[in-house]
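Form predicted on its own, single chain, as structure tokens, below.
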Amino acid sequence: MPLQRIQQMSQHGHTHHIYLDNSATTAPYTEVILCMGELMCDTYGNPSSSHSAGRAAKVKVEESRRSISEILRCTPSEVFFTSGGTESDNTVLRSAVEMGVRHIISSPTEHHAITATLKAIEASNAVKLPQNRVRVDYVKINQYGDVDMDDLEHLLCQSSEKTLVSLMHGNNEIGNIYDINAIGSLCHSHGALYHSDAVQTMGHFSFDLKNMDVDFLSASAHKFHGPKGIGLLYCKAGTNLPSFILGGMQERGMRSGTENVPAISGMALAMQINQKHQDEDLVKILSLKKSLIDSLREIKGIRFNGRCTQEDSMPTLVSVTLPIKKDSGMTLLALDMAGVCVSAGSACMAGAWQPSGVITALYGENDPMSDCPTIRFSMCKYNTEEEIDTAVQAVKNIL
């Protein structure tokens, strides 16, 4: 494929579409595409093999691990490669149960990778001995999507078992940012472990894991212009989380399966690029977000969900509920036909046109706008002011 076409695709995806669904996935950087292609051609050995081709691949894996650990300010031994955020989340929850956790505290606004796994853990209690059953509690959420810290402390005070708290860093549907250090400090003061899903915030925020009150952290490369199918799990030294995927002894016995060398290197490179341009990218994205919010506010009766209009929210995301009685799926289809790619919420639930669990948690079962479509706009640095204007006009045309 010609380099020009690769550059075009990496920056804008399908050029006849306005792509405002970057919380679902982002276009990979041109440099990432080229790096991965080169590795697939030249460094295709199995990193577990002892011959020169295998050793060359292993070097790439460990160079990437070292680079990522330097960006996150942790040790290389605390970084484990997974297939993405979903696997990282599942690993923490299920492995924590294996290591003796009998109480898990989370929230109803977490990603489905968390909430679905917790439901499965609760369902498995039926076939377990009483001493092996896991209690799952959900902390209260207010109408703005904030975690009720008093309720979290209450739940922690009631817990006498080994406890894990899993609360995300940035919400993937409404854009709220949660204070990792405040939550982690509260958890640790009660002897609980703390996991944070940072899938939406990695690449947009700086992390200093050495000085942060978090034991486990999940991330996924395709959310910050890296490749799909690769992610990481940070496990703080001394947590001793047992293996989740068994087979070989890859990732120091933590995660079996032949390492995806091109994807691992692509993720590391994407993180390097993000770190280098983070400040200037943030300025541009925040400008786009302000323009979007200002234009959407012209629509009478529109509702902004969560803290997405506040300064202390995800810079990339705006969630609104439109003042029209119409199915979300049909609204998204109409926008797509107008050349605008957005979503109703988590891409993992695409096709399941039902009220979002996050929106229901915010407004309750009697939400007066429950039968109105909720739209999530999510931007990246490659979007333009003209695209924002066109997208808002498309929404107005539908209304």
Ligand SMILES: Cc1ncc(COP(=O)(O)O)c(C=O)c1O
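We number the residues from 1 along the sequence you see. Because the structure is predicted, anything quoted here is derived from the model rather than measured.
The form predicted together with the ligand exists for this protein as well; it is not shown, and the discussion that follows is about that form.
Residues with any non-hydrogen atom within 4.5 angstroms of the ligand in the predicted bound form fall in just one of 276 to 284, 194 to 202, 301 to 309, 207 to 215: 194 to 202. Just one of V165, V318, A270, M168 comes within 4.5 Å of the ligand in the predicted bound form, counting any heavy atom, and that one is M168. For the residues N260, S313, Q250, T86, the 4.5 Å heavy atom test against the ligand in the predicted bound form is passed only by T86.
Of the heavy atoms in S23, some are within 4.5 Å of the ligand in the predicted bound form. Using a 4.5 angstroms limit between non-hydrogen atoms, K289 is distant from the ligand in the predicted bound form. Taking the partner from elsewhere, K223 is found to have a heavy atom lying within 4.5 Å of the ligand in the predicted bound form. Among heavy atoms of H111, some come within 4.5 Å of the ligand in the predicted bound form.
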